[in-house]
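Below, in structure tokens: the form predicted alone, a single chain.
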Amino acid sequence: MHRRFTLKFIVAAALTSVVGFAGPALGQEFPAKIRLGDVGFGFGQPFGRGLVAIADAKGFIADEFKDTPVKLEFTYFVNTGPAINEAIANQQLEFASYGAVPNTIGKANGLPTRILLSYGGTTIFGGARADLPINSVKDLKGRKIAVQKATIIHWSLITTLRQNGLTERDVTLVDLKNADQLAAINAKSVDAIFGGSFFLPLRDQGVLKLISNSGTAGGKATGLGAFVVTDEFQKQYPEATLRVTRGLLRAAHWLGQEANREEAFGIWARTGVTLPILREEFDGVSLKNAFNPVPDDFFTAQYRGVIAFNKEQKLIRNDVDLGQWLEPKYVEAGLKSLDLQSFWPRRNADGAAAGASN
């Protein structure tokens, strides 16, 4: 009994020292429950399409707490970013993974969060009605485009327009949620839509033709977001915060193994997106690169672009200090303890990667 207690004390002390400051006294270092939120997709029981869903399904975070009484609670929010902001504000979540536009809005409005790591990238597609002479993004000038505003897809659309010599003033944006976008394009009340792979079946039905794919356009317009923790939680429970971070890093490492690609698609298919659509969405895309969790120079440059976008769109009034918002010590400690420091390439602000190992 004495030996088991000593080993537990050594492990707890080692993890705490890696994080860099003393945590609560032994026996009080873990809460009874940890609540994690993610963007939910699908009908019936929503599920996720990123690292949290992988960590949940494969038990990577649960495994980090197998020697503790901690219970994990995963919630997938179909009302996406605004619902997650509300849950954090109401102290219903300790951790959350969601898009950069809504979580920056939350931070600017006083939500006490800290960014732990990147949740990776989200492929954004542009589709135009098949009966119109729209064959590229440049052809959208003067057209009506359906998009859900104040989302990372809205940011991606504006970024894509600018990359093609257009501005928001060159088009008419119609603010619609996903289901309403599909109805609008079928009714021919809009000319194009921007969103995730949810509308690819309309292409197969001959309703739409694809004109944009952020995954094959250099990545600068690919959706981004972060996994955040409440500041109070990470201060009170540094070891638990580290263990959650390690679980997400392990999920990203597993996802980065090519042999796990089909199993990952099977997990994400719980959202109702079919396997053929998932395979097409990530065709030619390295999941290791797409779900790089490290908040490197590319991640921070993209986030600063989102912050500027939110101010331009008058979605926020207050400045957000990204340097103060980021809390890199947990991911750095997690990478070191898992021996993954060189697994993901460190990208510069333009997205160019340095060397990485397997």
Partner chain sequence: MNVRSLVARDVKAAAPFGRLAAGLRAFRPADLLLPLALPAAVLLAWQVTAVNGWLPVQILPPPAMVLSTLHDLIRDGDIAANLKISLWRISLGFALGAGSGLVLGTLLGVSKTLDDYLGPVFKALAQIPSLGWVPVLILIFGLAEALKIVIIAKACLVPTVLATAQGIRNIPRHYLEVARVLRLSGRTRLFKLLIPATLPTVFSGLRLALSHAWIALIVVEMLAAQEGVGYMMVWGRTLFQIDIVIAGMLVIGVIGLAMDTGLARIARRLRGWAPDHG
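Residue numbers count along the first chain shown, from 1. Just so you know, these numbers come straight off a predicted model, no measurement behind them.
This next part talks about the form predicted in complex with its partner chain, which is not shown.
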Which residue among 224, 211, 105, 267 has a heavy atom within 4.5 angstroms of its partner chain in the model of the complex? 105
From 183, 285, 130, 72: within 4.5 Å of its partner chain in the model of the complex by heavy atoms is 183
Any chance residue 82 has a heavy atom within 4.5 Å of its partner chain in the model of the complex? yes
Does residue 149 reach its partner chain in the model of the complex if we count a contact as any heavy atom within 4.5 Å? yes
Quick one: does residue 275 come within 4.5 Å of its partner chain in the model of the complex, counting heavy atoms only? no
So, in the model of the complex, is residue 89 in contact with its partner chain at a 4.5 angstroms heavy atom limit? yes
120-128, 184-192, 228-236, 249-257: which one contacts its partner chain in the model of the complex at 4.5 Å, heavy atom to heavy atom? 184-192
What residues in 158-187 sit within 4.5 Å of its partner chain in the model of the complex, counting heavy atoms only? 173, 174, 175, 176, 177, 180, 183, 184, 187
